[in-house]
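Shown next as structure tokens: one chain only, the form predicted on its own.
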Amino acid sequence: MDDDVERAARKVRDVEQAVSEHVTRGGPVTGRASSPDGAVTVVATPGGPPQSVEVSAAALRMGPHGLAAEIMRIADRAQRNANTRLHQTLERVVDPRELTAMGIERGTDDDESGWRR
């Protein structure tokens, strides 16, 4: 039994090191999303709050409730894009099923500007 525990612990350490090295090489993973008219743009990280929110002067015409709803909608899309990118990055070193089980799902990255890391 001790050999099994030691093998499992070694495997966890190996995967942890591989993930750490992989993420260090690629830098932080972010997702970006914009409203169709470009009035609201959000950059987010996987599982975290938005890193930046840009609102154009035209977006202010939506009113406070409309603007808040639009920011939330775009932030959700940005975070989904970030999760997809994180999944694509880590699936090289971690079983993709494990990532999905952890809530890091691979969806469609609809960020037309390409990868932002």
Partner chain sequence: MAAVNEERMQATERLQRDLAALTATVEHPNGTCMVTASPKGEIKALHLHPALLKQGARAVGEVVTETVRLATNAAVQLSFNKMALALGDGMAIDVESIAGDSPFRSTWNPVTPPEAPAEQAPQERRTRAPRVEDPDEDAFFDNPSWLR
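Numbering follows the first chain given and starts at 1. Only the largest set of C-alpha atoms that superpose within 1.5 Å between the two forms is called the rigid core. These figures come from a predicted structure and were not determined experimentally.
Just so it is clear, the following notes concern the form predicted together with its partner chain, a form of the same protein that is not shown.
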query: Residue 84: touches its partner chain in the predicted bound form, heavy atom cutoff 4.5 angstroms; finding: no
query: Close approach of residue 88 to its partner chain in the predicted bound form, 4.5 Å, heavy atom; finding: no
query: Heavy atom of residue 63 within 4.5 Å of its partner chain in the predicted bound form; finding: yes
query: Interface membership of residue 30, its partner chain in the predicted bound form, 4.5 Å heavy atom rule; finding: no
query: Partner contacts for 58 to 95, taking its partner chain in the predicted bound form and a 4.5 Å heavy atom cut-off; finding: 60, 63, 64, 67, 68, 71, 72, 75, 79
query: Core superposition between this form and the one not shown, C-alpha change of residue 93 at least 2 Å; finding: no
